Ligand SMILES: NC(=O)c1ccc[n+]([C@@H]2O[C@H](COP(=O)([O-])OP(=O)(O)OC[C@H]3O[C@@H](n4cnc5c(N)ncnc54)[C@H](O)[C@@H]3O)[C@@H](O)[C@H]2O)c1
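There is one chain below, alone, in structure tokens, taken in the form predicted on its own.
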């Protein structure tokens, strides 16, 4: 989707908001930053890898996240957080090391807790937090044990925070994408092809065939849902896990 089309879709919906987006170096996080800016927000992107346009941040480290909030607050008090940082991992349970499970949980679940904890402390009343969970947090699939467990935990964390912060008018939700055409998906497809002794092309075709809409999601498809959740259009949406998978799950 072009920048002009995004502006037509979301232009002005977040005017006056100040946002921080994690995992903004590529994929969904980068698309969320672009969509928030197009919607009128002042937006800071943070990522594990620093760039001129990104704040360096390790989401598993509370001090690092605290500093990222400070930098994002240079635009004014932060009103909205989208936590898109995450990693992927594939492997059968019997063959997955405990070290690998800890690595996935540290980034995907502990990282969400750290960001959510500081958001609870730093966000203005009437703000919003949106976690990027996954279709994998709703329904398990063979080979995805650590990832599924981590994303299911993110969904439960969003529900807890929604209850704890509701009295301040802070809404907390999770977005659960299906297969999104990103570098992270490329990594997952390659790992799945190796696990199943097939080709990358076969795996990608199987992913597309599974989606009733007949295509993979784009990062912009997910970013627009994140804009909606931060906007006044979602003023009574909190504690929800919104599936964005083109109709794949029953």
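Numbering follows the first chain given and starts at 1. Just so it is clear, the model here is predicted, and its values are computed rather than measured.
Only in words, not in the display: the form predicted together with the named molecule, which the text now covers.
Only one of the listed residues (225, 48, 191, 37) places a non-hydrogen atom within 4.5 angstroms of the named molecule in the predicted bound form, and that residue is 48. With the named molecule left out of view, the stretch that reaches within 4.5 Å of it through heavy atoms in the predicted bound form is, among 163-171, 86-94, 117-125, 72-80, 86-94. Proximity of residue 138 to the named molecule in the predicted bound form: non-hydrogen atoms within 4.5 Å are absent; the residue sits far from the partner. The named molecule in the predicted bound form is approached by residue 179, whose closest heavy atom lies within 4.5 angstroms of it.
The named molecule in the predicted bound form is approached by residue 26, whose closest heavy atom lies within 4.5 angstroms of it. In the predicted bound form, none of the heavy atoms of residue 203 sits within 4.5 Å of a heavy atom of the named molecule. Every residue of the trio 107, 132 and 185 has some heavy atom no more than 4.5 Å from the named molecule in the predicted bound form.
Along 142-157, these residues reach a heavy atom to within 4.5 Å of the named molecule in the predicted bound form: 147, 151.
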